[in-house]
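First comes one chain, alone, set out as structure tokens in the form predicted on its own.
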């Protein structure tokens, strides 16, 4: 339970979003009510509605925070060579997916995941990851269309492989990371990137 301290607007909002990350990782969207969120936060429903006009708005904002965290975790130091950057980025991605497995599975498989606002957050995240690969990993500007398509397809492969890995837990993580790296190398080669 969160303390009933008087917090500034930004602090309270951040606190509530942190709570949302935890709650949506523990239970599915449909299994959580506004009453549950308010009770877990130790605040009234009215105060929760002051910050978020509905459970859906709260969820979308929580997904945005989760996406920002995922993107941050995939950042590797600029001084690393490309192969090490990729290893670090994949480790950051897999760390995030594993630590937030229930929320990741729910988001990728549920009806809420196809919600227009949530889908847009997910697409922005995918574009940010592709931009990171193109600019930092490959040192390129805007990708040619075939490279853009190849990278977008690879992101879909990463998501699908991650879902299977979380569901079955029968592939060692190091093997999964090697598979993802190899798939990227193949996608880049097919797209004509040396």
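Positions refer to the first chain, counted from 1. Keep in mind it's a predicted model, so treat the numbers as computed, not measured.
Here the subject shifts to the form predicted together with a further copy of the same chain, a form of this protein not shown in this document.
Within 4.5 Å of some heavy atom of a further copy of the same chain in the model of the complex lies at least one heavy atom of residue 179. In the model of the complex, a further copy of the same chain sits within 4.5 Å of a heavy atom belonging to residue 186. Put simply, residue 11 is far from a further copy of the same chain in the model of the complex: not one heavy atom of it is within 4.5 Å.
Contact check for residue 145: a heavy atom falls within 4.5 Å of a further copy of the same chain in the model of the complex. Annotation: in the model of the complex, residues 150, 161 and 170 each come within 4.5 Å of a further copy of the same chain through at least one heavy atom. Only one of 132 to 140, 31 to 39, 58 to 66, 162 to 170 lies within 4.5 Å of a further copy of the same chain in the model of the complex by heavy atoms, and it is 162 to 170. Taking a further copy of the same chain as positioned in the model of the complex, the only residue of 119 to 142 that brings a heavy atom within 4.5 Å of it is 119.
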